[in-house]
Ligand SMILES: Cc1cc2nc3c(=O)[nH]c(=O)nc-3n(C[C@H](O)[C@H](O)[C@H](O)COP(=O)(O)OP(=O)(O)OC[C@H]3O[C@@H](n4cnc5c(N)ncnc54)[C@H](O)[C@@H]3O)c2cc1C
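One chain comes next, on its own, written as structure tokens: the form predicted on its own.
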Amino acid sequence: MNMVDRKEVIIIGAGPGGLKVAEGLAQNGKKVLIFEKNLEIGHKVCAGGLTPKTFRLKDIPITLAETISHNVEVHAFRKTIRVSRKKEFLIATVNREKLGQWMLKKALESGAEIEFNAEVVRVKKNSVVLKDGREIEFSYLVGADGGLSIVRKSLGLSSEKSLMAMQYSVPSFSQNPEIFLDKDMFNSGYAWIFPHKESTEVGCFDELKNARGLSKRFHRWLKNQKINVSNAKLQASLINHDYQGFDFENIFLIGEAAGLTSGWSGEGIHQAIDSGQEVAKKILDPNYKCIQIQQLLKTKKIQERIGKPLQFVVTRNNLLTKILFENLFCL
């Protein structure tokens, strides 16, 4: 018979959200243990783009940025529209592995603990069961385990609203981020080219319901753009944006596990960090109202309402497109 251990707070997933909630709780005296199923952190299909608000509000140093861009090129209807901002940049790119290591260091310095190669295979009301057979009880559980969250599934929540994303990492060739709106290729999704220090991330996404044949469409687009991916490895993943709540008594969901990811852009880093901060405050003070999560939901709704039809309606108008994109990036 297995012995049952106990931890005050268990966090499943060592992404930006999981690490942020761990830091916030540990530095306030909570005993925190993070379970990460992988051997290292940071691997994810992600363009790595962050807007200025992420650096202003989330305690992330701008020195982590690999590139900083004041211009974004939007390609649509066989023309290119340059969206620019002089005083403040539009998009900076970060390496997810380096961001993860920086956030992990802060969480560990605050007193949190982490186990790698520790996969949770079952979630009970007050305990989790790991693949190695251990069962560990908790006072609080935080699901920070992405779009295929086992914590979300244990709560009986579906993930009907998901995106299918694909990406290659290729040698550097682009100076500014580029977004390609092409409804024939990607429906209401888009393709991207995002420069990093030593590589360029080239990817696309579409709603899962429209994702049949996406790989063929993506590779046809790559051929049209004359982008050579012969020596690169294709990465693909689902991105959940089906929000159905985050607070379930002593169990919480954050970031993509909660469905807080933008259904318009697929962006999820700042949502994960924001919701991680909020859930840490909620665990410390059960009366805390989590106002920032409500703001995330408001922003998510605006982005999806305005951004989704963007490539179908307004991209023929250069000025309107510039204004809309600049404001969508600022939300």
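All residue numbers refer to positions in the sequence shown, first residue = 1. Note that the structure is predicted; figures quoted are calculated from it, not measured.
Absent from the display: the form predicted in complex with this ligand. The rest refers to it.
With this ligand omitted here, the record of contacts in the predicted complex names 143-151 of 174-182, 208-216, 143-151, 242-250, defined by a heavy atom within 4.5 Å. A residue is said to contact a partner when one of its heavy atoms sits within 4.5 Å of a partner heavy atom; Lys300 fails this definition for this ligand in the predicted complex, lying far away. This ligand in the predicted complex comes within 4.5 Å of a heavy atom belonging to Gln167. Ser127 falls outside the set of residues with a heavy atom inside 4.5 Å of this ligand in the predicted complex.
When contacts are judged by a 4.5 Å heavy atom cut-off, Gly49 counts as touching this ligand in the predicted complex. Of the residues Val45, Ile283, Leu296, Ala26, just one reaches this ligand in the predicted complex with a heavy atom at 4.5 Å or closer; this is Val45. For the options Glu119, Glu97, Glu73, Glu137, the residue carrying a heavy atom within 4.5 angstroms of this ligand in the predicted complex is Glu119. Residues are counted as partner-facing when one of their heavy atoms sits within 4.5 Å of this ligand in the predicted complex; in 184-201 these are Trp192, Phe194, in sequence order.
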